[in-house]
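Starting off, we have a lone chain in the form predicted on its own, written out as structure tokens.
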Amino acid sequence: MVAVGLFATFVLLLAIRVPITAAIGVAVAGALIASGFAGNLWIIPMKVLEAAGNSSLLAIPFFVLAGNLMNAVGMTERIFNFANALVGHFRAGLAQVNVLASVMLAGGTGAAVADIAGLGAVEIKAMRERGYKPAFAAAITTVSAIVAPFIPPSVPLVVYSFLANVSVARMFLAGIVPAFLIAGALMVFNRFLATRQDFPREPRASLGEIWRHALTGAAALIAPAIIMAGILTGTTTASEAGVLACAYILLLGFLFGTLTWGTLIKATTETMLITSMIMIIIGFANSMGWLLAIEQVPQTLAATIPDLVDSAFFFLLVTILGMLIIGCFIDGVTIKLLLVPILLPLVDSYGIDRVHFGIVVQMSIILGIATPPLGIGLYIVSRIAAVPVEEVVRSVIPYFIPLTAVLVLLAGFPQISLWLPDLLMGPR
């Protein structure tokens, strides 16, 4: 009953638009009082500090800073121009460029919202000038950003690694093949749409133009390579790799002449704001997890649900459906913090690999950025494109066909996620 009251209070507070950090804190405090811990509310700040002081989470601010610095030093336009030189001449040219540019930028940001905010203005402006409908330009900008959390450095995958006690390196490697599967599915669907609509093509770039854009655009791709090389070789921890990536991006900004004190202060300020919000949520969720463990909620579910759901795949489908619904109303980090600790005993009882489960969960959750009523991606691109949210939603809906197909493939075929980490790091 305490768990039910906790989640009911949390959902009610969200419904009346209480900020999510306050909603979690109030819900946990209320649940502690209801559980007889009224004189021990000091447990909450203790658990917040315990989570914030976890060394495995130290990578988060550096990965966030790397993404903000990449936007600040003007790498987004260079990445867009490089992608345009490579695939702009394809059918549905700039729609394909949109997807490829998101894959490239994800190596610097690792977050869907940062991808939309960083590339959105460049992509939508270019597409409008070439005759694409603004609502379609906004829609493809939103769904292409879904690839971002699967490409290192990924803050969402770092958070999951912390919650599930799995290697950050394995999670990063596990996300790479799904990322390209998502991008490929979107590009194939763009090609299909191009047979039904008259999308303009860009002129084919010469080898000289491709080389020129590659020199500047591809430089951004070295940042995630630094992170993965450092982690996989054991030369650096994830946090140290993040520091090296930040130093490399600062060097790029200096060489390109785009690094100023103003851009550096802006990137640092945004990093502090984003990191503090993430860490507060993680801290409150840690106290919530402690309370649920005391009430033995995970153990109860682990003993009950296998009697109702008799296969691992059906359990994954039920989990996916629940995450898709919840993702319409709550952001991804919060969903993971609330549900992953509860579901892990079930994951283990069904024999599901925790890394595979993390990728399925991430794919289920990230679709929420493009799902009404609270899909944050929809509102960001709506503001950038100056298009009503309703029009963006209508253009986004068809893209759920390829995205849902990818989600089912990821759930049904674990090796899509596990092949690369098993190849490079060995089976667990």
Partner chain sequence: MIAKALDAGLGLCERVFLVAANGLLLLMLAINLANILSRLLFDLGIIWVFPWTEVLFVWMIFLGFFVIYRRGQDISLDILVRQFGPRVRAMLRILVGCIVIGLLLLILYQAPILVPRQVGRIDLVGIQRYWLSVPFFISCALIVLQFVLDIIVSTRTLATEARPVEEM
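Residue numbers count along the first chain shown, from 1. It should be emphasised that the depicted structure is a prediction, and the values quoted were computed from it without experimental measurement. Whichever C-alpha set is largest while still superposing within 1.5 Å between the two forms counts as the rigid core.
Below, we refer to the form predicted in complex with the partner chain, which is not included among the displayed structures.
The candidate stretches are 70 to 78, 95 to 103, 244 to 252, 125 to 133, and the one lying within 4.5 Å of the partner chain in the model of the complex by heavy atoms is 244 to 252.
The candidate site formed by L86, Q197 and R201 is entirely out of contact with the partner chain in the model of the complex, as no residue has a non-hydrogen atom within 4.5 angstroms of it. Looking at Y379, you'd find a heavy atom of it within 4.5 angstroms of the partner chain in the model of the complex. In the model of the complex, the partner chain lies farther than 4.5 Å from every heavy atom of V396. A residue is said to contact a partner when one of its heavy atoms sits within 4.5 Å of a partner heavy atom; T260 fails this definition for the partner chain in the model of the complex, lying far away. At least one heavy atom of P19 is located within 4.5 Å of the partner chain in the model of the complex. Residues I265, T268, T269, T271, M272, L273, T275 are the ones in 260 to 275 with at least one heavy atom within 4.5 Å of the partner chain in the model of the complex, listed in sequence order.
Core-superposed comparison between this form and the one not shown: the CA of I231 exceeds or equals a 2 Å shift. Once the rigid core is overlaid between this form and the one not shown, G351 does not reach a Cα shift of 2 Å, moving by less than that.
Relative to the superposed rigid core, P19 undergoes a CA displacement of at least 2 Å between this form and the one not shown. In the model of the complex, the Cα atoms of I274 and I124 sit 3 Å or more nearer to each other than they do here. One change in the model of the complex concerns A101 and I227, whose Cα atoms lie at least 3 Å closer than in this form.
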